[in-house]
Ligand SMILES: Nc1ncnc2c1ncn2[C@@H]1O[C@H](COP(=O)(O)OP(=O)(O)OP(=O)(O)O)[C@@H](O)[C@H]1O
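Presented as C-alpha cells, the chain that follows is alone, the form predicted alone.
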Amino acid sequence: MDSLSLIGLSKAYGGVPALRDVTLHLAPGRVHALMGENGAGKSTLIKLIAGVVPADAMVVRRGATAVSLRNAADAAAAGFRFIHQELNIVPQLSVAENILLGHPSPRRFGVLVDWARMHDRARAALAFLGAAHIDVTRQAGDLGTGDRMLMRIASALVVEEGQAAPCLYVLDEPTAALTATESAKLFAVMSRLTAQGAAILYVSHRMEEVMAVCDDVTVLRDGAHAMAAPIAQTTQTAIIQTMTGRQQTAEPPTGPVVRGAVACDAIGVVSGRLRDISFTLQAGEVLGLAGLEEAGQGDLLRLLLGMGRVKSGQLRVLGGPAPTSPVQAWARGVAYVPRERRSEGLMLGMDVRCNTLLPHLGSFGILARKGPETVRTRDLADKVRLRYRAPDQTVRELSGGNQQKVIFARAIAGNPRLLLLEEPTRGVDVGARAEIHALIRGLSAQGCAVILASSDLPELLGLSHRVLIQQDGRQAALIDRAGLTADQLLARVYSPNPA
C-alpha cells in the first residue's frame, strides 16, 4: 500500500484555532501514535479526516494521488475506518445490526434481509478480533462496556465483498473500556492489520501501551505540531514533557487516614448482584474497588447513590440509612462521577454552567440567578483547571478530558462528604490525570471519604488506602494497599481465593 500524507490540517471555531497547519505522514504497516493533552487538537484532526467536520485547510495524499474528503462517505471510500472513544451504539438493535451499521445489508432476492448472512458476517468480524464469545443475535444494549467496545471495533473490520482492504484504521482510546485480556486481543489484531499493509493511527493516554505497540509518534500541543519521531528514538519522559510543556514530576502518595467519623458502614449487604459486602469507611479514607469487568464495582457505587435497594444486611451512609434516590444522596453530601461521561454524566447540548450546577441549583434560591451561578462556575472551573472559553460554552465543544473536569466540578460543588468515582481518569491525558489525582488527594485530606473503582491498577494503588476485591458481585477480599504491587493485585483479582 502507498503511504498516506495529511498535509497542512487547520481548523478554527469562532476565530479560535483548534488545529494549526499540522502534517502527518502515515506509513503502511506501521502504528503511528497521536499524542497530546486534552484540547491539543487530536479529536479535531480525527474529525477532519473522517469527513464529519469541514477543514479550513487540508491536503490528503495517498502516494501521489490526492484524496478528497468532503464527507464521511468519501472517507469510507478512501479506505479509512474509525473506532471512536465514545461508545456510540444503537442499544435496541442486535449486535449483528450494530456491527453492519453503515454497510449494505445482505439481501435475499434483492428485497428481504438475509439474516443468516448478516449473522455470519458479524461472527466473522468478531472471530477475527478474538471475541467469538459475543452472541450476534443479542441486543447490543445488554452488553457490558468491554463487549460494547469489542463490537464497535469489529464493525471497523467489516469489508464489503469486492472492496479493497482499508488502508487506514484510526483507533481513538480503544482500550479505555477493555480488560487486559481484551486489550491483548486487540493488539494481536493490530499486528495482523499492519502485516496486511494497513496504517494505524493510534490515540491513547496510556503511555505504556503507546511505547509497547506503536512504531512512530506525533505530539500535538495547543493545536500545533510539537514533535514527530520513531518510538525507538524517543522516551516516555520526552513525550510527556513535549505534550505538557513542563517537567514531569512523580505524584505523591495519598496521605495517611486521620481516623474520624464513619462515612459508610456495610455489614453483610446483599443487593441485586452484590453479596457479602462488608466494610467500614472512615472520613478521609480512599477505598479502591478492584475486579474484572462487570464484577460489581459499578453496582456498589450505584447502591450507595440510592439506585438500588438492600435486600439483606445493613448499610449506613453518612450517619443515616442508605439513600433511596440520587436526589436524596446528593442532598446528604454524596457525589458521583460516572464511568460514561457522555451518556451518563453530561447534557451535551447545555452549557458548562448548567452541567456544573444542576444538582446544586437549590442553593441559589427559587429563581435562576445567572450572575451568582456564573461566578460559582468560574470558581469551580479554576479549582479543576478547566480549559474552556466561558461558562456559557456548550459542553459538547469541550475535549473529553475537559468534559470529565466539568463532572468533577459538579461533584465538588456541594463540598461532598462521600465521593463515588467510577473510572475517573478514563480517556484523559497525563496532565489532566495528575490534576484529577491531586484533586482526589486534596478532598481526602479535607476529610471527604472516597470510593474509587478503576481498572487502572497503578492508579488504584496510588490513591487508595485499602482495596476491596470483587468477583462476580461478591466481596472476595479487603486488603491494605501498603507494599502491594500492581502485579500482586492483578494476581489476587484472578485468584479464586484472593484473601
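Don't overthink the numbering: it's just position in the shown sequence, from 1. Source: prediction; values computed, not measured.
Omitted from view is the form predicted together with the named molecule, to which the following refers.
Which one, 397 to 405, 320 to 328, 237 to 245, 265 to 273, holds residues whose non-hydrogen atoms are within 4.5 Å of the named molecule in the predicted bound form? Answer to the contact question: 397 to 405.
Since the partner isn't included here, can you check whether the named molecule sits close to all of A18, T44 and H205 in the predicted bound form (heavy atom within 4.5 Å for each)? Affirmative, all three are within 4.5 Å.
Find the only residue in A449, L463, A40, A432 having a heavy atom within 4.5 Å of the named molecule in the predicted bound form. Filtering the options by heavy-atom distance leaves A40.
Listed residue (E182, E97, D215, E173) with a non-hydrogen atom within 4.5 angstroms of the named molecule in the predicted bound form: Comparing distances to the named molecule in the predicted bound form, the residue within 4.5 Å is E173.
Using heavy atoms and a 4.5 Å limit, would one call R316 a contact residue for the named molecule in the predicted bound form? R316 lies outside the contact set for the named molecule.
Taking the shortest heavy atom distance, is R387 within 4.5 Å of the named molecule in the predicted bound form? Yes.
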